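Below, in structure tokens: the form predicted alone, a single chain.
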């Protein structure tokens, strides 16, 4: 059985001609990290609706060249837009949310600074952190076959995040016992186009934050009887939302 081709996102405009040339960043990944060589085939995408099968004709530390053999439609993105408002937590755990949320189908991540957040960034400039987050979602989207990588916003204070959230707003809160996330979504008469999902930090949301979100029209729901870590809650809740909306069906 033929192994699936590795997929990579490339800058817009890279695939306008039959012969393609890719820069040093991708050359390093393909040549030094993955040990690909002349004659190997890969799938390249600019993040649109098409992806292109390319045979490598040259691999050096500074550039990769190839020839386009064919094109096809990329896998469709979920019809429902899921925006995950994930409270900031420890850096390695937040990175896990980005990676797994991308694999599941999150369309956009908004890091949120709540009262109990562990604010990241000591010793790491904001630009470097943002670039690290961007690389994580790109590589996760490549691995999982996404048509395009999700967007990762700059961190927002909680009140601002609540004000800018659009569509159906949902907050997962351990203090809620009467209504589960999945049951609530499956009971909706109309399928939402956008879901803004709020996940709290280690220690949870403060009552004032829950009240503010409720006043903004959000629904407060439960993720079950067990208390989940913040990163687990973000991943599980994202999967529950997309499953309830039929986005994980085969």
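Positions refer to the first chain, counted from 1. What you see is a predicted model, and the numbers here were worked out from it, not measured in a lab.
Below, we turn to the form predicted in complex with ligand SAH, even though it does not appear here.
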Considering only heavy atoms, tell me if residue 139 and ligand SAH come within 4.5 Å of each other in the predicted complex.
no
State yes or no: in the predicted complex, is some non-hydrogen atom of residue 233 no more than 4.5 angstroms from a non-hydrogen atom of ligand SAH?
yes
So in the predicted complex, is ligand SAH close enough to residue 53 to count as touching (4.5 Å, heavy atoms)?
no
Does residue 159 make contact with ligand SAH in the predicted complex, using a 4.5 Å heavy atom cut-off?
no
Would you kindly say which of 61, 49, 39, 203 lies with a heavy atom within 4.5 Å of ligand SAH in the predicted complex?
203
Select, from the options 188 to 196, 65 to 73, 204 to 212, 29 to 37, the stretch whose residues sit within 4.5 angstroms of ligand SAH in the predicted complex by heavy atom distance.
204 to 212
Which residues, if any, of 160 to 177 lie within 4.5 Å of ligand SAH in the predicted complex when only heavy atoms count?
172, 173, 174
